[in-house]
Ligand code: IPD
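Next up: a single chain in structure tokens, the form predicted alone.
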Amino acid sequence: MQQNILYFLCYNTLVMNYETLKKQIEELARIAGKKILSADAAALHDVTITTKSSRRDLVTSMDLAIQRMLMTELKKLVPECCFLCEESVPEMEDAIITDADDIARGICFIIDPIDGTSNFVHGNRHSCTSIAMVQDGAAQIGVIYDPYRDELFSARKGFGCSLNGEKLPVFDASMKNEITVFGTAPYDDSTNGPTFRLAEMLYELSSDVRRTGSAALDCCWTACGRFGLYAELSLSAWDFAAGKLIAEETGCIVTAIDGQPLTFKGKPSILCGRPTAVREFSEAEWRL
């Protein structure tokens, strides 16, 4: 009996700490959003823009500033944590991992300071900050904040997902009645042909098709029902880590595009959607 009481108390402490940590991460995401809006209001005059792997793969000084802030503050919350991030911050390189296998050991924050950098640079006002907390290889907390719409998507594994504090429902949907969305890979032109064949297939199977430029928000918009299904052929862990958990907590199926488990390694594909929509996609006759 005493053992059961001790377990209950420890379990309640763990739940309380997770919930407190989620709220702290939410606040950091909002701070990041304020920085994005401040740069946008200044018409990016004080933001430097450079390229990475290709002319389409952009990074700005704001990406780096936000990532530096998030890493510093998250390290205060969880001193033993490590990071898997889109951008390089040399002064904190000791805490950054490059081998995805290291995610399975302890607590790792997977961060995209500005998902939708090209949108940010061009003033398209469809970008977000994405933060996932992964413990022993499994995402436990996912937070994505869109400052332009003031929309905060937040999830804890097993506890559902909320949008601005309101719990999102679990539901199903067919592709034929829904808008679908696809993504492109600015760092890998070899996917161009297959990607647009995929877009044609989505268009034929669904009500209409979109391409937004933010994988994280594509997951969130699928989670809240604005899209019925999202597919992309090549992306990185920071693009989908938080969004995957958010979508799954609303009943979405999230896998690689061939139905295999989605992992944080390499640059996998993604298929995210309502169970019926995913089944319809998987049963369609098509090839890339």
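What you are looking at is a predicted structure, and each value in this text was computed from that prediction instead of being measured. We number the residues from 1 along the sequence you see.
What follows is about the form predicted in complex with the named molecule, which we do not show.
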| query | finding |
| --- | --- |
| Interface stretch in the predicted bound form with the named molecule - options 219 to 227, 232 to 240, 256 to 264, 66 to 74, non-hydrogen atom within 4.5 Å | 232 to 240 |
| Heavy atom of Glu86 within 4.5 Å of the named molecule in the predicted bound form | yes |
| Contact of Tyr187 with the named molecule in the predicted bound form (heavy atom, 4.5 Å) | yes |
| Distance check, Gly213 to the named molecule in the predicted bound form, heavy atom within 4.5 Å | yes |
| is_contact(Ile114, the named molecule) in the predicted bound form, heavy atom dist at most 4.5 Å | yes |
